[in-house]
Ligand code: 6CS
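Shown below, as structure tokens, is a lone chain in the form predicted on its own; questions about how it binds or moves come after it.
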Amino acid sequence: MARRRVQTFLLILICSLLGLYGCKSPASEGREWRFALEEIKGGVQDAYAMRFKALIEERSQSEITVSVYPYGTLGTSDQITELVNNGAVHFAMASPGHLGKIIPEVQVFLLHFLLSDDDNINRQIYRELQKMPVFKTLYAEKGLEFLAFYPEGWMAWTTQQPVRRPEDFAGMKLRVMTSSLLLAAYQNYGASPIAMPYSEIYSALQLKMIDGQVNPVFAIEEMSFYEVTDYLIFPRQAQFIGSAVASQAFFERLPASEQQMVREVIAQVNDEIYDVQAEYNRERLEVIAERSDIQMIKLNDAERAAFAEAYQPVYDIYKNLAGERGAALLADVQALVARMQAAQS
């Protein structure tokens, strides 16, 4: 913990030296907005941030510029969130897998078999999630301004051995994000999950330190994980859900007109990104197929049902981690999903 605090302090110091951090008036501070990502350039988050940048600069008639910092530029995902909280960065992506350590309730979006199998229904679900006031409250308690949730694609497994049932995970060292809920999920499947930074996955696979990992297809392609694994497995157990946040102190100092501009731009980007991420994942899957002989496995309904059954205890783990508010949030999301599915039937 002490080491991480020192690393974060050094990052803030570096930001200060680069002119990214300091005591400026709201008017001057707003002329350049910094946006940090949890992924490298070329991914869904990059597409999101670059579209945000283009729209903000267009609507402000270039009075405001947006600088985008891909993963690794300003530290790990956890450090990026701290930098936003400290005001060193104005906007950032903060996925529930990492943010869940400080806002345990948002780990509801890490739960498997929660959303619909129908992507059109999920699109409606995401729109409704934006309207739930609980998220603004949860994020505000940690100095963050909640802006949006958005999908980055279905999570897939790349492994050294085929996996069609929970028993196939026995003894498998699988990399997951730094979330106790994700660790519990894959322990229930029978794996030996390991949390490690995104940037270390490829070398860990290559050196046989781990036997597999879980990510959306576009990330598997852009990080070349398919080069060092033999199987690409589609369980459709969960989507990777990102969240866009701002520094609350920074956002509240903005003029009302600029706050409104941000929310309008976020709403537009959120609507567009759904199609963008679907296209990214489709195109990247084609690239993987062309460049490798990795074997692809799509779990059937019976196979998915076996994983869903093994996963059930994790819902109670989530409730224990997230407390009463988390349990209430889970019930609300489940009710929303049921309502949306019924409306489409």
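Values in this document were obtained by computation on a predicted structure and should not be read as measured data. Numbers follow the displayed sequence, beginning with 1.
Below: the form predicted together with this ligand, not depicted.
For this ligand in the model of the complex, the listed stretch (174-182, 264-272, 115-123, 187-195) containing residues with heavy atoms inside 4.5 Å is 174-182. Contact check for Q277: no non-hydrogen atom falls within 4.5 Å of this ligand in the model of the complex. Using a 4.5 angstroms threshold between heavy atoms, P216 counts as touching this ligand in the model of the complex.
For Q237, no non-hydrogen atom is located within 4.5 Å of this ligand in the model of the complex, even though that partner is not displayed. Taking the partner from elsewhere, Q107 is found to have every heavy atom lying beyond 4.5 Å of this ligand in the model of the complex. Think of it this way: in the model of the complex, this ligand has a heavy atom of just one of T229, Q248, S77, S243 within 4.5 Å, and the residue is S77. In the model of the complex, just one residue of 131-161 lies within 4.5 Å of this ligand by at least one heavy atom: E152.
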